[in-house]
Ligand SMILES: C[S@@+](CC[C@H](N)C(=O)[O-])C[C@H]1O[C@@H](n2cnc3c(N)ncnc32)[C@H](O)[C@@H]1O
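First, one chain by itself in structure tokens, the form predicted alone.
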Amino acid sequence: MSVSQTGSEAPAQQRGGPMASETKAPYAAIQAYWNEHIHDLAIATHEIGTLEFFEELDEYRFDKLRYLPKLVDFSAYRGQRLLELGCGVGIDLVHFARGGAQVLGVDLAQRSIELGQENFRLRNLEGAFAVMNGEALDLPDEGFDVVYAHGVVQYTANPARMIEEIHRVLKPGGTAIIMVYNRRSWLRLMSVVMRVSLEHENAPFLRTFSSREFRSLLKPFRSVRMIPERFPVATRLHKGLKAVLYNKLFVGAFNVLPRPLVRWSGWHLMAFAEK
């Protein structure tokens, strides 16, 4: 495996196994899509690749996902080896690195890896990056204390294979932190009622899961704690009358409801799985 802290990486060679004999077409399509679609790029006002650009994406992400730093203690992994699958431009990985984790970010999109490296360089942080397919990681068995995959499994061609790879590269007793989209969620219902597309709805693969399906996917793990999260906050992505009605009426009304009553409907199913 070749990883680097500076410069760009050629796509890593896939390890042996079923992937080697299968068509690469689905993964080429996934790679092409995410090379063209940086997550949350629509809200950016600064030039791509500048410190201001990365800070803007960070602020937006943690405003939208206010639950995330409450559930994931980014400073809890000091000295541990942490792998992020689908790291994108490294927004979350920055927080793990600041907390003292030894981080490796992998992504199928070359452009994301290059931007992730630049994000770390601008912040004077240490971290390694590589272009790699999360379903066929060119990494040794049991090499990581933590594997983080937030919003990645639902966009891959074979989710079960990605979960198997996450399990394989984790040390015994290690933790996987994985998020997928909840099929029985308030956001999916609102997208149908208000006829508003979900983010990356046109990606080559996009799946939603019931909590039972997600638990079944995670059956290789010794124990799983699952928490439905991500409830309505005011949108900055959409405009017009629908956005006004959503922001002024729906968000306030929904968040008045007792959280235990609507917990099942969280858009994100967050799983903390122990090997």
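Treat the numbers as computed from the prediction; the structure is a model and nothing was measured. Numbers follow the displayed sequence, beginning with 1.
What comes next is about the form predicted in complex with the ligand, which is not displayed.
Listed range touching the ligand, judged in the predicted bound form by heavy atoms within 4.5 Å, from 105-113, 190-198, 73-81, 164-172
Correct option: 105-113.
Taking the ligand as it sits in the predicted bound form, is Phe144 in contact with it (heavy atom to heavy atom, 4.5 Å or less)?
The answer is no: Phe144 has no heavy atom within 4.5 Å of the ligand.
Going by a heavy atom distance of 4.5 Å, is Arg215 a contact of the ligand in the predicted bound form?
Looking in the predicted bound form, residue contacts with the ligand do not include Arg215, since no heavy atom lies within 4.5 Å.
For Phe54, is any heavy atom within 4.5 Å of the ligand in the predicted bound form, or not?
Outside the cut-off, so no.
Quick one: does Val152 come within 4.5 Å of the ligand in the predicted bound form, counting heavy atoms only?
Yes.
Are all three residues Ile178, Ser211 and Pro228 in contact with the ligand in the predicted bound form, where contact means a non-hydrogen atom within 4.5 Å?
Contact check failed for every one of Ile178, Ser211 and Pro228.
Quick one: from Ala243, Ile30, Ala44, Val224, grab the residue that has a heavy atom within 4.5 Å of the ligand in the predicted bound form.
For this set of options, the contacting one is Ile30.
Residue by residue through 63-94, which ones have a non-hydrogen atom no more than 4.5 angstroms from the ligand in the predicted bound form?
Read in sequence order, the residues that approach the ligand (within 4.5 Å, in the predicted bound form) are Glu84, Leu85, Gly86, Cys87, Gly88.
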